[in-house]
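The data below hold one chain only, encoded as structure tokens and taken in the form predicted on its own.
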Amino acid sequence: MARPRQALLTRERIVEAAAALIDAEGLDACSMRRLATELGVQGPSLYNHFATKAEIVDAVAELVVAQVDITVFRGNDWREALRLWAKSYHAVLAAHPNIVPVLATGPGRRPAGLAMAEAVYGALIDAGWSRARATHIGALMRYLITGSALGSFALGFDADPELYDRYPHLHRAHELAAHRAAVDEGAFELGLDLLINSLSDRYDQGVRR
């Protein structure tokens, strides 16, 4: 009986497998050996497509960023565009939290990351912000979006109520984990509102430099 043909190994298959592995087990789990096992191939065959693990992780980051909706910058006021983009980016990172440390370092040479930066920066410049202020706003937005995705505030407190006996203002901190969505999402929405509303006030006052 003829042996079943093995599926063709492609860059796309490798990146998809790596993305699934990182989502499930984290960045440390994504080794060349483990990837080869997941794909049912010999380790050296991966090097026909990627020279290093770092290149594969970078490709996964590119795949994730490409899911962010940057079409919102076409035809929307800069305020609404920033809000819609931030929510889209936030949702994508929430679905892929393990790749956030890579994305938090910036776009690097990734086309999707650079296209996103171009869309954000271009929209701000077109709206009349100075180049310096547009840079600051882009940085602020990245700090808010990627920073909020790096970890949960609510899960940072231990569930032992006795721990907080010496900290009367934290006497209910042990309950935060049970309300993670409300706490973490509420904080992100508040931060986004405060940031955009403050920028809008400065813009309307003509302070754009």
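Note that residue numbering begins at 1 and tracks the sequence as displayed. In this text, all values refer to a predicted model and were calculated from it rather than measured experimentally.
FYI, the form predicted in complex with a further copy of the same chain isn't displayed, but the following is about it.
- prompt: Looking in the predicted complex, is a further copy of the same chain within 4.5 Å of a heavy atom from each of A36, F50 and L93?
  reply: No, the whole trio is out of contact, none within 4.5 Å by any heavy atom.
- request: Could you confirm whether A54 comes within 4.5 Å of a further copy of the same chain in the predicted complex, counting heavy atoms only?
  value: Close contact is absent here: in the predicted complex, A54 is far from a further copy of the same chain, nothing within 4.5 Å, heavy atoms only.
query: Does L199 make contact with a further copy of the same chain in the predicted complex, using a 4.5 Å heavy atom cut-off?
result: Yes, L199 lies within 4.5 Å of a further copy of the same chain in the predicted complex.
query: According to a 4.5 angstroms non-hydrogen atom cut-off, is P97 in contact with a further copy of the same chain in the predicted complex?
result: P97 lies outside the contact set for a further copy of the same chain.
- prompt: Does a further copy of the same chain get within 4.5 angstroms of any non-hydrogen atom of R142 in the predicted complex?
  reply: Judged by the heavy-atom cut-off of 4.5 Å, R142 is in contact with a further copy of the same chain in the predicted complex.
task: Could you check which residue among G40, P44, G26, G151 gets a heavy atom within 4.5 Å of a further copy of the same chain in the predicted complex?
output: By the 4.5 Å heavy-atom cutoff, the listed residue in contact is G151.
Any residue of 90-110 that, in the predicted complex, places a heavy atom within 4.5 Å of a further copy of the same chain: If the 4.5 Å heavy-atom criterion is applied to a further copy of the same chain in the predicted complex, 90-110 yields A104, T105, G106, P107, G108, R109.
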